[in-house]
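There is one chain below, alone, in structure tokens, taken in the form predicted alone.
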């Protein structure tokens, strides 16, 4: 999609990011959770901006020897236009520059077929399942992992 930029998330973005979070998730993060991640030097937080409006975001964090895709969301009216791919490509590309030999893990609702397909497109592989991991509504989690050294960001 033309006219979209990806940039680092800032504290000034928290209101818009929290709005997207509340629209996209049944158990949303609080603004304080985002503040915590912004203060974490091991976190990669990016936003997608279109016409000065934040339309999506991604959060990745390394804890000790594990790197995890915490959250990715796009406003419903902007979905299926490649914005999630743009966010992931930018954030995983940065992760590869910083930690080229890490593995990136995630959980995704088993019912979220569009997200699973997006992750598979990026090379994530299914590694397991957690029964009844999600609530509101109850759903299993599919565990996925990406070998970041194999990621091509062109």
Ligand SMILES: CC(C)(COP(=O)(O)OP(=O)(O)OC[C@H]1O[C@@H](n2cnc3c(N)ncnc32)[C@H](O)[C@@H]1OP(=O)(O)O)[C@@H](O)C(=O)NCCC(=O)NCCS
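Residue numbers count along the first chain shown, from 1. Predicted, not measured: the structure shown is a model, and the values here were computed from it.
The same protein has a further form, the form predicted together with this ligand, not shown here; the description that follows concerns it.
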| query | finding |
| --- | --- |
| Contact test in the model of the complex: residue 24 vs this ligand, heavy atoms, 4.5 Å | yes |
| Close approach of residue 126 to this ligand in the model of the complex, 4.5 Å, heavy atom | no |
| Any non-hydrogen atom of residue 107 within 4.5 angstroms of this ligand in the model of the complex | yes |
| Residue 112, heavy atom within 4.5 angstroms of this ligand in the model of the complex | yes |
| Partner-proximal stretch of 36-44, 97-105, 84-92, 59-67 relative to this ligand in the model of the complex, 4.5 angstroms, heavy atom | 84-92 |
| Residues of 114-137 having any heavy atom within 4.5 Å of this ligand in the model of the complex, listed in sequence order | 114, 115, 117, 118, 119, 121 |
